[in-house]
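Next comes just one chain, in structure tokens: the form predicted on its own.
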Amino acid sequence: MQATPLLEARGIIRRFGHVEALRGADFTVYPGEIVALIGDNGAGKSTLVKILSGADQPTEGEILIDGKPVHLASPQGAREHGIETVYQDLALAPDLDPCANLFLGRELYKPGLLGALKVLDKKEMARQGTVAIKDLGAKIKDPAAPVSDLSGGQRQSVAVVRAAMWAKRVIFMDEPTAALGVVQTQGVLDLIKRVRDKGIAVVLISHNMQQVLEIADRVEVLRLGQRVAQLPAKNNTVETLVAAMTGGTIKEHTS
């Protein structure tokens, strides 16, 4: 693991009036790892992810990328730094096919005069999209079908592939398997591992502790707006994670 984190939060405080959602929270993610961010309801996970993805601003504290302070003023600003987010609602256009969804908001236009007239280059988007889907081994039954016709697992795969296409550093994934069956869940988890293996760091927000231990390399725990533990996933237990989340006694595992 590199000494300098890819993305780091230091002392993040976020106040909403008199309510302090984050109380000096820290967070780190390194290149090419899956790190799970866990915590009970109200721990501050969603607020921290919004800040790290540019959707919200901290009251105090700093964010660093490759050890250098940055200001993520918006989701677009985060994307310019190579940070993508897959939200629970997926933000897919149901009437468009998977490849068109991969380029949603980043459409390609035909060269020359047609491009100036904003004529979409659907053929090139389909070509690049098909390559990206195949490259990550995503299982999408009919790439030409509208997303509304796809299963939940296939829709999730489209959202993950889209993030992987554009992310250069980090992808945040918020409960990516919450509404999926066993087979679909395993397919999405395998896809997330392939994203990690391509060198993109993945931050997994999940309430499924068994799944966290299966897929994550490390676990960072928030409680009451602060980071209270950093634990390796390997050889750890659900009981240890729950103890960290609830303030119980943590049994450390270092191997």
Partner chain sequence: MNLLKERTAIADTQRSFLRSLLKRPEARIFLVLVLLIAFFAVAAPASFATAPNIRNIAADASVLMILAVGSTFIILTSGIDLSINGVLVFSGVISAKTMTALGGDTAAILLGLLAGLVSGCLWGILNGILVAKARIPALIVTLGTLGMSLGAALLITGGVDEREIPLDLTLNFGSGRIAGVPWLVVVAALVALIGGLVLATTRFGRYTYAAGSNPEALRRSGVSTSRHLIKVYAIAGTLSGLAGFVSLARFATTTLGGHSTDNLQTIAAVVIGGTSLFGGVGTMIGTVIGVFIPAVLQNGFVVLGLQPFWQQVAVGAVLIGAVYVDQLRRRNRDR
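Residue numbers count along the first chain shown, from 1. Everything numeric in this text was worked out from a predicted model, so none of it was measured.
Although not depicted, the form predicted together with its partner chain is the subject of the following passage.
**Q** Taking the shortest heavy atom distance, is K168 within 4.5 Å of its partner chain in the model of the complex?
**A** Contact check for K168: no, nothing within 4.5 Å of its partner chain in the model of the complex.
**Q** Give a yes or no for K122: in the model of the complex, does one of its heavy atoms lie within 4.5 Å of a heavy atom belonging to its partner chain?
**A** K122: yes, in contact with its partner chain in the model of the complex.
**Q** Evaluate D89 for contact with its partner chain in the model of the complex, applying a 4.5 angstroms cut-off between non-hydrogen atoms, and reply yes or no.
**A** Judged by the heavy-atom cut-off of 4.5 Å, D89 is in contact with its partner chain in the model of the complex.
**Q** Heavy atoms within 4.5 Å of its partner chain in the model of the complex: does A100 have any?
**A** A100: yes, in contact with its partner chain in the model of the complex.
**Q** Does each of A3, R23 and G77 have at least one heavy atom within 4.5 Å of its partner chain in the model of the complex?
**A** Heavy-atom distance to its partner chain in the model of the complex: none of the three under 4.5 Å.
**Q** Only one of V131, L113, V182, L104 gets a heavy atom within 4.5 Å of its partner chain in the model of the complex. Which one?
**A** Looking at the other structure, the residue within range turns out to be L104.
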